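In the block that follows, a single chain appears as structure tokens, in the form predicted on its own.
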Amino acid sequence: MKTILVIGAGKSSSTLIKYLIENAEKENWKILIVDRDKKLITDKTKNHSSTEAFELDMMNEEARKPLIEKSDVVISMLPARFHIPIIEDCIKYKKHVITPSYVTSEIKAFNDEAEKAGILIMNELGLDPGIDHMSAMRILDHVKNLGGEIKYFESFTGGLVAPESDNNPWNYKFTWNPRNVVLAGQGSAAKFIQRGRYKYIPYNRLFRRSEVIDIEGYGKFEGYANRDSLKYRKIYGLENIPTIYRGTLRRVGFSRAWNNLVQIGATDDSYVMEGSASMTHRDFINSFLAYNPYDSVELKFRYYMRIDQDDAVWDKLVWLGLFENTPIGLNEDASPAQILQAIMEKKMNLEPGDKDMIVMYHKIGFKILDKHREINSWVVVEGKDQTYTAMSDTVGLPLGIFTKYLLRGDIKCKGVRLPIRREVYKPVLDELESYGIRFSEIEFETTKEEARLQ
């Protein structure tokens, strides 16, 4: 019998746990699940005979080590900052470890130790990062095997609300960590390369530099740049590519409205606003505006941000409740970003019966036999309910599928790795199709001039 240790039973673990339970008898698995809240575990497992629940803090070394020692593979669903001590123990006890998180320089430094221990530390095996890597590499490898030369690569992913649940002017609801949504794009300039020229977009301009993408059957979306597209040149074997760009998808109009909140300072997380625990929404917004006892907060905001009263952006801001005399409801003073998040969660959380939606899109141009061609590849996944969301499916299923093939002995790589090898992406993508996560694809010829403009 093989033992799988799952650390963390939050929202993104729902589908992973379901998949492991469904395969446990056939694969002869025992599934150990750890969380600080045992109810989160039992709600998902229903005390299934193949599972065992543990309520504890995995940062507690004495409690953690015995569980890792008795496991064959560890799946860490914790935030990235908590992976290090778990990885150290997995190396010590020679256990494989899998995470959906971005690989960090600290994790990369474990490569030699992991190889020496004969274990695999697989990172970025969720949605984005994860399915984006695997689906892109499948196309890139196919083109290279045909003798094609990749000329441009663009990739976008968005966690959105399904059309039937889209009932607000932002065309958006929280489908993952709200804090990450509020802080998106902060910390460094977005970096990419376009037609051989390096491009940089600072945070204060990020949401005014977007492009429109039309997905068949789902309409138009807009994409804005992710932080660092340049590092993917090496990861994807595209060191000399003239254009590479990775971005995030939202519905058209979101970015322009969000830019107003960025410009006024409402997304800043670098300081605490004194007295904010007793503020209203209106007080919060007024804190960023010039003092004028005669003009309303609405008038000052529109004047400061140059928004016409009949502008659709204004409808979004008013709907969000920014100008209401509603208490923010936090128990202590907080940063602007924390306050904005609290305001948004009153309006933008998924409601009972709502469904989320994942959209992923790749655009890859290449030259072969003196002809210029382009492949467009996309997938749209809708959630089933608020437990088995599209986000949970697209994060959890790749983790579960990969774990199965790893424990069967079909995955041979060791060390610190990403899911970019064929031995990893092929079985995972093939099985994802049986769950309805299937990419649509079109390929067509372009002119030399069209290719040059990418």
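Don't overthink the numbering: it's just position in the shown sequence, from 1. Given the structure is predicted, the values throughout are model-derived calculations rather than measurements.
Note that the form predicted in complex with a further copy of the same chain isn't included here; everything after this is about it.
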**Report entry** Partner-contacting position among K363, K151, R256, K191 - heavy atom within 4.5 Å of a further copy of the same chain in the model of the complex
**Finding:** K191
Report summary line: From K199, R251, K367, R302: within 4.5 Å of a further copy of the same chain in the model of the complex by heavy atoms is K199
Requested in this report: Work out which of the listed stretches, 75 to 83, 303 to 311, 352 to 360, 113 to 121, brings a heavy atom within 4.5 angstroms of a further copy of the same chain in the model of the complex.
Outcome: 303 to 311
Query raised in the report: Just to confirm, N325 within 4.5 Å of a further copy of the same chain in the model of the complex by heavy atoms?
Result: no
**Report entry** is_contact(S270, a further copy of the same chain) in the model of the complex, heavy atom dist at most 4.5 Å
**Finding:** yes
Query raised in the report: Using heavy atoms and a 4.5 Å limit, would one call S287 a contact residue for a further copy of the same chain in the model of the complex?
Result: yes
Query - Close approach of A109 to a further copy of the same chain in the model of the complex, 4.5 Å, heavy atom - result: no
Report summary line: Restricting to 209 to 247, the residues within 4.5 Å of a further copy of the same chain in the model of the complex through any heavy atom are R209, L230, R233
